[in-house]
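Only one chain is included here, represented as structure tokens and corresponding to the form predicted on its own.
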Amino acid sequence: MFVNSCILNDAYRMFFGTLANESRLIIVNTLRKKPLNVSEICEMTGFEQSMVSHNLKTLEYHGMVFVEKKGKYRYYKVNEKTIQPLLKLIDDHMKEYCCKIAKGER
């Protein structure tokens, strides 16, 4: 039981640590609308190509985005099975609680 608890804690730390990075969070939110290639992500976010590529690699490694090659381009999209619904739940939570706190309403 203790070993499983430690592994689960490590997994939570990896998951939330991946999304806690502001650049990765911006990239994930940019990809929520539609699949994009690195150049398109750079154009929409204003980020440097090397930084976008590095963060996409991390997001892909953790299963948060998937990549599909189309011609000479690689298109990235949010994991529709797990991450997309989770982000919707997070949005709902933030609207109900966190946004109010941020505005000083609570």
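Position 1 is the first residue in the sequence shown; the rest follow in order. On a predicted model such as this, the values are computed, not experimentally measured, just so you know.
One more form of this protein should be noted, the form predicted in complex with the DNA, which is absent from this view; the next part is about it.
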property	result
The DNA contact at Ser53 in the model of the complex, heavy atom, 4.5 Å	yes
Contact test in the model of the complex: Lys72 vs the DNA, heavy atoms, 4.5 Å	yes
Residue contact check: Val65 to the DNA in the model of the complex, 4.5 Å heavy atom	no
Non-hydrogen atom contact Asn79 with the DNA in the model of the complex at 4.5 angstroms	no
Site check Gly17, Ser23 and Glu48: each within 4.5 Å of the DNA in the model of the complex by heavy atom	yes
Residues of stretch 35 to 49 in contact with the DNA in the model of the complex (4.5 Å, non-hydrogen atom)	Asn37, Val38, Ser39, Glu48, Gln49
